[in-house]
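Next up is one chain by itself, shown in structure tokens, the form predicted on its own.
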């Protein structure tokens, strides 16, 4: 008895199914540890369907990273929107929201840092996307540290980036029930106030 032929999935829907499967696996297990076959199995589609939507695994990784970028900036804007035109409170709110996400058991740190470790070649398209994303974060922090009136806005922006990345790392080193992560918003508040006073 022959197996029933699967109904053809519309292109946009197929892309979404494949990308959802890749996102789950890449984020939880790492990119190099996940084969296209594993994505095919998770998506419930055949390999030809994957390559019909994405010409290579690199293209699929870039689509995954682009989606993660969109998520990051949506979360950023949601934090910022809670305190219009108040840069100090906006920054503190971002870190409060980050600390909350970082204590979730499903949290696996920053996907951009994770990917940077897996792609050390600085001219690889995936690594270039990561660097572009990090520069945009730097500019976003710098915009707010300047508006804050910090004596050295550039130094403060980099300090905040290091605190953000430290939060990501701490969640994976010590677990999501980390006292340090819960203290981050208060630490950021002190750092901001000190930067304004100097």
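Here the structure is a predicted model, which means the values were calculated and not measured. Positions refer to the first chain, counted from 1.
A second form of this protein, the form predicted in complex with another copy of the chain, is not displayed here; the remarks below concern that form.
Residue in contact with another copy of the chain in the model of the complex (any heavy atom within 4.5 Å), chosen from 41, 29, 70, 59: 29. Look at 41-49, 162-170, 59-67, 141-149: in the model of the complex, residues with non-hydrogen atoms within 4.5 angstroms of another copy of the chain sit in 162-170. Contact annotation: residue 22 falls outside 4.5 Å of another copy of the chain in the model of the complex, judged by heavy atom distances.
Although the partner is absent here, residue 184 lies within 4.5 Å of another copy of the chain in the model of the complex, judged by heavy atoms. Although the partner is absent from this view, residue 114 contacts another copy of the chain in the model of the complex, with a non-hydrogen atom inside 4.5 angstroms.
Although the partner is absent here, residue 120 is a contact residue: one of its heavy atoms lies within 4.5 angstroms of another copy of the chain in the model of the complex. No residue of the trio 81, 96 and 106 has any heavy atom within 4.5 Å of another copy of the chain in the model of the complex. Contacts between 125-148 and another copy of the chain, taken as any heavy atom within 4.5 Å in the model of the complex, involve 127, 130, 131, 134, 135, 138.
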